[in-house]
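Quick setup: the structure tokens below cover two forms of a single protein chain, split into structure 1 and structure 2.
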Structure 1
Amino acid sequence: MQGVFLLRTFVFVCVLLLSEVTAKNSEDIRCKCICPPYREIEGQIYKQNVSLKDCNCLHVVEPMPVDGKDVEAYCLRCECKYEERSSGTIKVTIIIYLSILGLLLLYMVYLTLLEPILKRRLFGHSQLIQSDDDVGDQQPFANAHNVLSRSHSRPNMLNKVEHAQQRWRRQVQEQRKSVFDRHVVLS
């Protein structure tokens, strides 16, 4: 049930993002002509939203600063390039990245600041069960979660999630010890 719901929201979000990305913005194409200084005229950059076949000096450089016979000499020194970008992709990517970063930040704040406060609250309310694994290791979070899980009757799924989270925390702790404390890996 829950899996189907998650799948549906995921597909919906994907379709939304894809439509955003593929919507062709007319501002996303341009022809950029760079013309260097010529006699008394200064260097200039011209931009216009034209398609590839119109991307040349005569269509884009408006108004033409020289007249008549000098136009060809002027245009020969200009360089015109056709450029394309996808503004939808950029917007979607940056927003996704910022949201992931925000989520990670919130989770990090929760793990480092809020959980010890929760643990301190539980100290006063119930007995703490010593965890027999991790000899000599501080596992403040393990105790808090164990007590929490015993105080209410949790469905099986949440128990599993908590166990997985405990296992993950232990792994990260191990990694942290080898990398930061003992400098065994990744000096």
Structure 2
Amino acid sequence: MQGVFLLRTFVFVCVLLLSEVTAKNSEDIRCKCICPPYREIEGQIYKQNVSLKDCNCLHVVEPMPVDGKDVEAYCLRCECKYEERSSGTIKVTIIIYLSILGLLLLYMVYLTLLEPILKRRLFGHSQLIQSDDDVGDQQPFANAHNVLSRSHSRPNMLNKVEHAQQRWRRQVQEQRKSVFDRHVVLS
């Protein structure tokens, strides 16, 4: 029930943000003029939200720091550039990034908290205890494949997935032994 609420809230926020994407913000377009020092006037950067045709010193530099005939000389030294960005694309990229980050966080919580609890409930506490010779050599659930292969109540596909997961865990454990114990790096 809580998961459905979170999913609906997430979808609502995504729709709300994406509806704003279609409208062009005034911050998405601007003209930026960089004016170097001129006589006693310090160099400055001016920004205005103007159209491409109005992107010049006369429309962007306000207030004009010089008077009369010096305006043309001052404006010739200024470099004006028209800049346009897509805030919609930026928002969508951030939403996707945060969604992936959230999914990875949920998966981490599942792996650290829920998976051991579910394994204990499924296989029973007595089957998870390792013998003294195996301590440190294998993962705590390394015997899960044997229990699964004897289980006829579980669907065949789930057994295949569990088998692949256990095989992957054994490979990772072997690689750890090779690198840290034997100091051998795979070629």
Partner chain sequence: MDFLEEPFPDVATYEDFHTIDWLREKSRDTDRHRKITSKSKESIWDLTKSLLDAWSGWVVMLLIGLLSGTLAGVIDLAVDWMTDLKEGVCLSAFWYSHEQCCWTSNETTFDDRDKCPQWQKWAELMTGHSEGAGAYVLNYLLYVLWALSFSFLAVSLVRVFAPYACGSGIPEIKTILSGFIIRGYLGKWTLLIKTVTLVLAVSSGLSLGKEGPLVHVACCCGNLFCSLFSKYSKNEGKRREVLSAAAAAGVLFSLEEVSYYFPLKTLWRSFFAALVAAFTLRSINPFGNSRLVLFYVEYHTPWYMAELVPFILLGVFGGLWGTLFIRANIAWCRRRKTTQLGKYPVLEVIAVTAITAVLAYPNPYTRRSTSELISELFNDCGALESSQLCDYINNPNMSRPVDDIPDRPAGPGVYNALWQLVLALVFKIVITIFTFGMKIPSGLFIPSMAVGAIAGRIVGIAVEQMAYHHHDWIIFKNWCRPGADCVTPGLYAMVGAAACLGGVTRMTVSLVVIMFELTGGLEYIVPLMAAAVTSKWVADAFGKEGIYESHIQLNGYPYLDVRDEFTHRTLAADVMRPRRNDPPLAVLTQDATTVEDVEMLIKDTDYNGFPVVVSRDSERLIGFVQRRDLTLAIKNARQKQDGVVSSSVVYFTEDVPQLPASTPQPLKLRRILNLSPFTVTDHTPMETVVDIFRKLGLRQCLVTRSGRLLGIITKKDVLRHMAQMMNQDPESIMFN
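Sequence positions of structure 1, starting at 1, serve as the residue numbers. Here, rigid core means the biggest group of C-alpha atoms that superpose within 1.5 Å across both forms. For clarity, every value in this text was computed on a predicted model and none was experimentally measured.
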Structure that is the form predicted alone (1 or 2): 2
Does the distance between the two CA positions of residue 54 reach 2 Å or more between structure 1 and structure 2, the core being superposed? no
Establish whether a shift of 2 Å or more occurs at the C-alpha of residue 64 between structure 1 and structure 2, with the two forms superposed on the rigid core. no
Yes/no, residue 41 Cα shift of 2 Å or more between structure 1 and structure 2 with rigid core fixed: no
Align on the rigid core first, then pass along the CA displacement of residue 170 between structure 1 and structure 2 in angstrom. 9.0
